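Here's a solo chain for you in structure tokens, the form predicted alone.
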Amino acid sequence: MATSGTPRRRSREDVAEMALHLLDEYGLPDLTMRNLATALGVQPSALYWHFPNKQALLAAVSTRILAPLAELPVEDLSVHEAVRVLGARLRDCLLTYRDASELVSSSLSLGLVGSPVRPQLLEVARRRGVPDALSEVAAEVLVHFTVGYVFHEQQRRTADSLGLLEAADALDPDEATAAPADEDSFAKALTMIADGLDVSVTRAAGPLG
């Protein structure tokens, strides 16, 4: 039994959950091992019992951010619908937490987490007879586009919160670029990706007759 004043032992889940909280509260630059240890009431060295390095910790946080995607039912969707639904859910997951797109992008680029849409898209595509080679490309495009799109959204939100977007008023009108209508433009882009996969599947099937 722990005596009074003895810090409670922290689990791997405790560490990852607190890291996610700090990410959302303060942003990725302030998600340091020292700040995390302070929030948990432990020495920084204690964190390395659970994670060998910071990248491993960030990968665990990325996994938590992306977890809702695995719960998405896709078995009754067409391939076209799956592309749009998975892309929309991925965007929702990333927008839930501050700087999540930047963090997840890093984990993906280092191969520390797998594609968050690939398993389900391949599942749907195989059921519909779509070649894996085409599904793999579509999954890759979908992830890169969505993560990049949300990164820009979150950068603009951060800049807006800091009052930096007000400087746009001083730009020459010919040089200024309007912020996109996020929901509409994103949905249209997902449809374009889905349409592209449909066309590729038709071409791969060859001419009829």
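From 1 onward, residues are counted along the sequence shown. Note that this is a predicted model, so its numbers are computed, not measured.
One more form of this protein should be noted, the form predicted together with the DNA, which is absent from this view; the next part is about it.
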query: Exercise: T32 in contact with the DNA in the predicted complex, heavy atom 4.5 Å; finding: yes
query: 4.5 angstroms heavy atom contact with the DNA in the predicted complex for G41; finding: yes
query: Contact of S45 with the DNA in the predicted complex (heavy atom, 4.5 Å); finding: yes
query: Q155 within 4.5 Å of the DNA in the predicted complex, heavy atoms; finding: no
query: Residues in 48-62 close to the DNA in the predicted complex, defined by a heavy atom within 4.5 Å, in order; finding: Y48, W49, H50, P52, N53, K54
